[in-house]
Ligand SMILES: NC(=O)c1ccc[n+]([C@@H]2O[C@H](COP(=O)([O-])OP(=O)(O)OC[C@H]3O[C@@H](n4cnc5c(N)ncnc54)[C@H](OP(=O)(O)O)[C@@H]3O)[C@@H](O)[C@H]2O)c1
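A lone chain, given as structure tokens: the form predicted alone.
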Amino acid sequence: MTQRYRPYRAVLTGAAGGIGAALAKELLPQAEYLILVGRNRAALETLRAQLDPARIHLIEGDLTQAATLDAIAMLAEQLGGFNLLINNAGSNDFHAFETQSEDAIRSMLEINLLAPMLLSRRLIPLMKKQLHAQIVNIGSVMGSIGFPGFSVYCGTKAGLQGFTQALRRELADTSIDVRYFAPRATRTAINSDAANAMNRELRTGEDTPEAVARSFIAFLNGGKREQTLGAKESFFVLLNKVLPGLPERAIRGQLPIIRKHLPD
């Protein structure tokens, strides 16, 4: 499978964040070029300087805006086409749903779910010109296990997983594969201090962005359609599908700790 795609010519969203920057560093040795997309120009420029400026191209913008989508498509076409789209941009907000701000809810829906849908839709015609291409959506274990304090985030990632599966089946007779990669808790700035404190008290397993990126490259070069990181987390996902009452009771037992850390 891997030889069909390499060298990668990739579009990577959320490249200025912890996982995104780590992905760019791990992916570059196997890439002809990378188009890094984000909203923090300074962080993107710093990342390009650390890597290979000749093979790194930057797009700053909002992925829900047509101008940004057009700029990505235009650049990819100018560079001779591309064969890999990684929808990695994400937003999170650890908060009780009933008091969560509407702005936070809209932001997560737009960044986590709407943006990958719109970008994929805009770029699929270009990708169909390639002999082989793939879209990889970066989800979360929370897309398969609903967890208190993350209701909207879980909903967006569950939606992203469903979108991935449906789009994969819709494009099954084309040159495009559509895949889903779900990290577990990761030590990045996307997590608030309150979420980090809760994770410590619950002894939640966590990965570094670098570990996630290494696992992603192994997934990318392999043949799995979907992967969830963490043996314990993968088992919990399976359990949540076949015997959901067991995770339900386990998580309910954690509610006192979760509520203690939820922001007011």
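The first residue of the sequence shown is number 1, and the count goes up from there. Bear in mind that the values here come from a model prediction, so they are computed numbers and not experimental data.
We do not show the form predicted in complex with the named molecule, though everything after this point is about it.
Although the partner is absent from this view, Arg48 stays clear of the named molecule in the predicted bound form, with no non-hydrogen atom inside 4.5 angstroms.
Residue contact with the named molecule in the predicted bound form: Ser120 places no heavy atom within 4.5 Å of it. When the named molecule is considered in the predicted bound form, His57 lies well away from it, no heavy atom lying within 4.5 Å. Interface membership of Gly17, defined by any non-hydrogen atom within 4.5 Å of the named molecule in the predicted bound form, is confirmed. Partner proximity in the predicted bound form, defined as non-hydrogen atoms within 4.5 angstroms of the named molecule, places exactly one of 95-103, 181-189, 162-170, 125-133 at the interface: 181-189. Among Asp62, Asp52, Glu32, Glu226, the residue placing a heavy atom within 4.5 Å of the named molecule in the predicted bound form is Asp62. With contact defined as any non-hydrogen atom lying within 4.5 angstroms of the named molecule in the predicted bound form, the contacting residues in 147-183 are Tyr153, Lys157, Pro183, given in sequence order.
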